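Single chain ahead, by itself, as structure tokens, in the form predicted alone.
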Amino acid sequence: MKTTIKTPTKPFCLITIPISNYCEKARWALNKLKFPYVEERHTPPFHLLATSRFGGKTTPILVTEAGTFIDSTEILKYLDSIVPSDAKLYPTNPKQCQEVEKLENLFNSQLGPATRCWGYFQVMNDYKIMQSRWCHDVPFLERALFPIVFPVTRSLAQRKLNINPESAVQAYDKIQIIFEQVNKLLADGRTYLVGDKFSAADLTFAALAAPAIQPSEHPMRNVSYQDLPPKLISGINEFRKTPAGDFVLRLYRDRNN
């Protein structure tokens, strides 16, 4: 969207579904770039009441004085446009910027949906885990109504996100393919995926890969690793052993630096 760029004078508002990996992407960018913001968290389907106020159906949504941004990449692009050159998430070098955007698009379009599908398939029928993931710091009324709406919301999510045994297997294979691509990039010993600085490519990969890695530093991780389903733990352990998985763990350890 077109907007007039100006220095923010009041905190932004970030509307999220707490556990969403795309919301984590926006949250991480705001923290990394040190923008003050208030996170407004909602559980499905109540998030629609919040997003509809701004013409959107999905999260994250960032509400600012300069405009409203309804996509994680759009949010990063806006934030990048109002920070000093030495803090940018997109390189000023055109070639490197193109590489970052290409990787970001790959992760957005393929990795994010794959980790979401595979992760949700493992836990979608576990009421306790889903309650903790969807209700983390949401309004009291939403938490109170969760037991009533969850069966319907779960069914809707399974259909909308195409979560079933076959798609979960395909998602797992897709994660492996993308991790292998990242493994090859990291094989030369580089610190970051593009250039010598942390970029939107690194942030996007780590945030969207998080469901398959479960880093302990994830701000929305409120279920003990040992309490996850055995099959999910097994897959996570395999992904963690890869260079790409280790890369995600390192970025999360350094997340607040």
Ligand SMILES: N[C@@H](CCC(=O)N[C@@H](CS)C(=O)NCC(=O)O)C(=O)O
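Don't overthink the numbering: it's just position in the shown sequence, from 1. Keep in mind it's a predicted model, so treat the numbers as computed, not measured.
Not pictured, yet referred to below: the form predicted in complex with this ligand.
> Answer for Phe247 alone: is it within 4.5 Å of this ligand in the predicted complex, judged on heavy atom distances?
So Phe247 does not count as contacting this ligand.
> Heavy atom to heavy atom, is Lys57 within 4.5 Å of this ligand in the predicted complex?
So Lys57 counts as contacting this ligand.
> Though only this chain appears here, would Leu48 touch this ligand in the predicted complex if you measure heavy atom gaps against 4.5 Å?
Contact with this ligand, yes.
> Look up in the predicted complex whether Arg154 has a non-hydrogen atom within 4.5 angstroms of this ligand, and give yes or no.
Heavy-atom contact with this ligand at 4.5 Å: absent for Arg154.
> Based on heavy atom distances of 4.5 Å or less, which listed stretch (30-38, 64-72, 225-233, 190-198) is in contact with this ligand in the predicted complex?
Checking each option against the 4.5 Å cut-off leaves 64-72.
> Considering this ligand in the predicted complex, which of Lys77, Arg116, Lys88, Lys174 comes within 4.5 Å of it through any heavy atom?
If I apply the 4.5 Å criterion carefully, the residue I get is Arg116.
> Using the arrangement in the predicted complex, list in sequence order the residues of 13-50 with any heavy atom within 4.5 angstroms of this ligand.
Result: Ile17, Ser20, Asn21, Tyr22, His47, Leu48.
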